[in-house]
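In the form predicted alone, a lone chain appears below as structure tokens.
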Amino acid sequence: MGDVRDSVAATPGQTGILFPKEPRTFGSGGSAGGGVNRVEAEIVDCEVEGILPADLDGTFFRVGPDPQYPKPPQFAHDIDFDGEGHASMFRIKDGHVDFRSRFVRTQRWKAQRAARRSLFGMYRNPMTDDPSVAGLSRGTANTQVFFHHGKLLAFKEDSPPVVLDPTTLETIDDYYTFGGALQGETYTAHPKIDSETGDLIGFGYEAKGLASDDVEVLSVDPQGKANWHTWIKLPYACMLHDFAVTQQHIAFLTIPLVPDLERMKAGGVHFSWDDSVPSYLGVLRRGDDGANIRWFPGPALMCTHTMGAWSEGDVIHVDMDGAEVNQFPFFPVRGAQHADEGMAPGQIRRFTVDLADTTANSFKTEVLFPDVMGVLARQDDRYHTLPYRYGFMLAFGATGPCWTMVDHHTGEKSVYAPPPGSVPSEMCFVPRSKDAPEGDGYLIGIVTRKMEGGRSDLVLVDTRDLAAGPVATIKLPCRIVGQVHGFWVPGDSLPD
């Protein structure tokens, strides 16, 4: 279990620590309010309701932000995305499920643990850090986990990956650069694995420093050795949360969340929304020099997660979820004191450009499934770079959040809607077997039971009949740490 003594006197005469109770503060409500977790746990043989498929063998890894310490008063309104990475895993084999969670021991986490207080100020704003941490990585490794070349990699897009042990979740390398191949300061939380070669393709934006317009592109083979490396320049410095990879191309959509240096100098967060600048879709042939990228302008859009992408000759298609407004209300609108209230749901948008058309001066976009609103688009990960049929989203249905599966060939939709008082997080697709057809398998993810004190369950739903509900529910006795993203690794890929 975690050390409940991790504390520092907040004021003279006060022992321990206390997170603020006010809404929209970092870790608001603390332990009692659910704003933090901070418990490293282990359960051997979780309770299972229903029947786990007899041949289901693998691990569902997940990670999310978990505030380690409250911020000093001047940074109390930092965003929760600045919490330390807290990873968890469910190992499923032979009908048994074991659970484990661990903080990611980043350079930042270790420094704060030693000092027993917060040392890093506002989100992605090094100007607000304690002088004692100068030169340390600010990375929190709190956004996504991938398994590749035998390593479990934890990502946060402002820093290089962190390597975790896939069996214990212990931190092995707190600043991983693929054997020195990664030259820049950042790496995406959303790399892609080539469906044919097994290569891992990723990038880093603001790669040459704060607010730079430099993007580093890196591909490594299944053994982790670099086989393509280049640099590109953006039309303007901005957030690039996700991208698309096909067999022939890579594509980036610029989001008009721009580094706001003036706000950072005043102690604020890194980004501001500025839709006075357009979005651009940049397309580069894989293997080319970055100078050959072509940028196609279009309307300002906030699209943060790629559902799927493929190329047909010189034509590239990219499907992402997104909206026409700022979807992150914790980032301010430039020129305004506060962002819009609420989280704007996205729609599945298809972007298309034809590189053979030398006169093309904009990207084409259309909304697919107009009645499906949601976030966190996913697909069958075996089709990252190929034409695909099925996509998945955390959608917002008539009765609340739900998991939705869309069929791009037939236009059909299917839905798993948890019972009232149950809130699902992002799901991950698990193939029924190694060679199962696309989309044939299970959706797996956490459902929070709001009416049971916020207790967490892991549910497994068959894609052949989502409406039937879980085939198995792994019941946990408590609330576990929240997540941003998760990743399924089949058992035959894991170490013994």
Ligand code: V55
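Keep in mind the model is a prediction, meaning the values are calculated, not measured. The numbering used is simple: start at 1 and walk along the sequence shown.
Missing here is the form predicted together with ligand V55; even so, the following discussion is about that form.
Chemist: Among 274-282, 108-116, 220-228, 156-164, which stretch has residues with heavy atoms no more than 4.5 Å from ligand V55 in the predicted complex?
Modeler: Only one stretch passes the 4.5 Å heavy-atom test: 156-164.
Chemist: Check M239 for me: does it contact ligand V55 in the predicted complex (non-hydrogen atoms, 4.5 angstroms)?
Modeler: Judged by the heavy-atom cut-off of 4.5 Å, M239 is in contact with ligand V55 in the predicted complex.
Chemist: Under a 4.5 Å heavy atom criterion, is T246 part of the interface with ligand V55 in the predicted complex?
Modeler: Although ligand V55 is absent here, T246 would stay clear of it in the predicted complex, with no heavy atoms inside 4.5 Å.
Chemist: My question is simply whether F369 lines the interface with ligand V55 in the predicted complex - judged by any non-hydrogen atom within 4.5 Å.
Modeler: Result no; F369 lies far from ligand V55 in the predicted complex.
Chemist: Should H305 be counted as a contact of ligand V55 in the predicted complex, where contact means heavy atoms within 4.5 Å?
Modeler: H305: contacts ligand V55 in the predicted complex.
Chemist: Sort through T143, T254, N125, Q327 and report the residue having a heavy atom within 4.5 Å of ligand V55 in the predicted complex.
Modeler: None of the others qualify; the residue that does is T143.
Chemist: Can you pick the one in F147, Y388, F75, F81 that has a heavy atom within 4.5 Å of ligand V55 in the predicted complex?
Modeler: Result of the distance check: F81.
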